[in-house]
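In the block that follows, a single chain appears as structure tokens, in the form predicted on its own.
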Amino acid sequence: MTSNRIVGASVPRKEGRDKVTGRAQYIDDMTLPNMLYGATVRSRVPRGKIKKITFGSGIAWNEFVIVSAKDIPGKNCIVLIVDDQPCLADGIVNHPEEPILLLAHPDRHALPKAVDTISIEYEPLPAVFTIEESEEHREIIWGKDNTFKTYLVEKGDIDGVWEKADYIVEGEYRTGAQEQLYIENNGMIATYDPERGVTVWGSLQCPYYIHKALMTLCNLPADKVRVVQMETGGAFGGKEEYPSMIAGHAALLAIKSGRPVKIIYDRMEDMAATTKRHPSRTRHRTAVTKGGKILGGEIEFAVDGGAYTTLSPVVLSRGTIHAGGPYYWPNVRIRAKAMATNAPPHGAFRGFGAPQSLFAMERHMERIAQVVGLSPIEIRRRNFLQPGQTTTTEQTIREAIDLEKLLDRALELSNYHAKKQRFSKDNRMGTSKKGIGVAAFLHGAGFTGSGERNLSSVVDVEACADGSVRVLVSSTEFGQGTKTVLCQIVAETLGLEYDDVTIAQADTGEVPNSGPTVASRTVMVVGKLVQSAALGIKQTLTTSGALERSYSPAEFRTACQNYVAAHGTFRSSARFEAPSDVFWDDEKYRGEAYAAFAWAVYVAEVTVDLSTYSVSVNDLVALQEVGKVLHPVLARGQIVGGIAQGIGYTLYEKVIWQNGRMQNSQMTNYIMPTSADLPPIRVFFEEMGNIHGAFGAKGIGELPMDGPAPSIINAVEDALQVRFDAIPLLPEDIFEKLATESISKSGPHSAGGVQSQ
């Protein structure tokens, strides 16, 4: 067997042919006999008591199936981390778009008019819409503290560093909400049979999240709930937890009607009602020496969670742990909190929490450099984490990572120094200014802390009668390449041809719970388990004498066929076991947060047009260390796609809120970058390997969300010599800033927000 025949090669995607030929079946392609169509009646107020519901005239209501909270056979909640979100409002609503009633009808075109005819009378209640309002009116939502979750990280003697500081640098940084904007809207079909229970098919990321939620909502045992993932057209975290809600709605209608029910959101409903990236506020106060070394600091990280907890604790957790960036903090205190507001709940989005706090960290490094009088490059170089040092959570860096080398390569690839010198000269005249900016960052792969230990994920690999091998996992494919890469891992492990390995549909009736497809864990964590399970197949065949230890793919297929013919189809399982050197203290919030980090340096070049006040990204160099690249084309695609989303997050995508409701929930007024707005994205990799990942791989999918925003805003500051500490940064923001602030008096060397000692 030849090493690395398949891993490291850009083999064809497993689902690629079906997608390009149109054979792939998405949820709205699926129709069942006697099927109804469902719709949701939602709140139009941010907070209030439901006083009266009136069904309007002119509608044949006897033709409709109507479900309210009183029809729920189990517990009225969407089970996740905290069971605080009702499936249907029961007497009170806490955000606009909160589901109150469900309707179903054989004619999908009859539903919109019926929904519009229903009127709901409320007794309005006070509401809050920002982190600051939630802090000020701490009991307005729940009658208790509006805080969903808090974390405290403490390392060293933070109270003793201030008197030793030559400079104390302060700053506040903000990020907005962002819509995932997947191509395929949310959709589900549900059926119910008293004997077999509930089955749902849908566009989703995490089958076992939905499975657990439906058991509680429908009061059914595990074997009476089945969840099947259909082809899924994009997710980015937006189909992590929310599909449990729409699956619950379809299931309730199916139970009451006794017929299959399909619910497909249109774009406006999908954008307005579903989860988004958490808005954030980060405050830094940092003690620094004259030489630019960080002595310590305080970081306050807050996110807006919306009306219910959903995934705010894990978003907050990752943001907290990444708040110190790839730098060494001898002393640090990080206080983090997720606050409730009367907006639809915010949830998972690629990077979940890290893009918010890393934006603040990298902007703050620019501010420290300006105060100390060092270049943005040198301030980073002097504070990079080194092997043997510890992170903010006191995790020792055991990898031989050389961030200075990574930085130097990124600077060389981007021609940073020559461009910076040229831009400084050219910016003295003309109506456009050019700038170049750097961001350095890290991203943990897998669930935080003890998360993977608690999940205890299981995978199966099956030897089949035709001599092929099949992978069985609940990890889902939604465009990122899960099916392809997991099959590569098995083919490489067993020395087979790539086409000898297939992967089962993600169906809870057949596949084990390998955990959710989130947190950049699929290749590193699930891939490693799949590799182990594949080795179990090999061991069974060789120890039984059915296969020689040295074999060809053809010999494996023959041995497999003979063994299955004699003994039947067999599976090899692997269950996650936490590495002995990875331990996390949940109470003290300290220890090995992740088995591995990926590391990166991004360099962005921008032009600011002072006639339109718009920013164009002209070039973006993305250099990342990701352990091992298993599929070069897919890996590059992950980076390019993440950077494109990051550019949207930075310069285009602004959610307009009014009383907790999204006002621009259409593609005509929620502006995202098109291909014409994207620069050449030049992707480069370093590969150091990783003992915890399959063939040395680390997580890659979320990493590219972290770097674009700070590198671009750092470049805008370089061009204009004016600070901008919030995103998205729109032309009107630049116009307003330049109109109210004189560059000569308020340039980057201003001491605003800074105390010198």
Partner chain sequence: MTTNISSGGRAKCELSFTVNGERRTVRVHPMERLLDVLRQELALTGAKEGCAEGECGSCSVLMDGALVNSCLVPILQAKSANIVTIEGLAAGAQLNCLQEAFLDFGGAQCGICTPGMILAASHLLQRNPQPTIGDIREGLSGNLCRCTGYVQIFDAVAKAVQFKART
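Every value quoted in this text rests on a predicted model; they were computed, and no experiment measured them. Residue numbers count along the first chain shown, from 1.
Keep in mind that the form predicted together with the partner chain is not shown, yet the notes after this line are about it.
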Listed residue that, although the partner chain is not shown, lies within 4.5 Å of it in the model of the complex (heavy atoms), from 97, 460, 179, 298
179
Listed residue that, although the partner chain is not shown, lies within 4.5 Å of it in the model of the complex (heavy atoms), from 495, 660, 641, 171:
641
Could you tell me which of 601-609, 579-587, 632-640, 149-157 sits within 4.5 Å of the partner chain in the model of the complex, going by non-hydrogen atoms?
632-640
Heavy atoms within 4.5 Å of the partner chain in the model of the complex: does residue 674 have any?
yes
Any chance residue 125 has a heavy atom within 4.5 Å of the partner chain in the model of the complex?
no
is_contact(residue 267, the partner chain) in the model of the complex, heavy atom dist at most 4.5 Å:
yes
Can any non-hydrogen atom of residue 234 be found within 4.5 angstroms of the partner chain in the model of the complex?
yes
Contacts from 19-51 to the partner chain in the model of the complex (any heavy atom within 4.5 Å), listed N to C, are 19, 20, 21, 22, 24, 25, 26, 28, 29
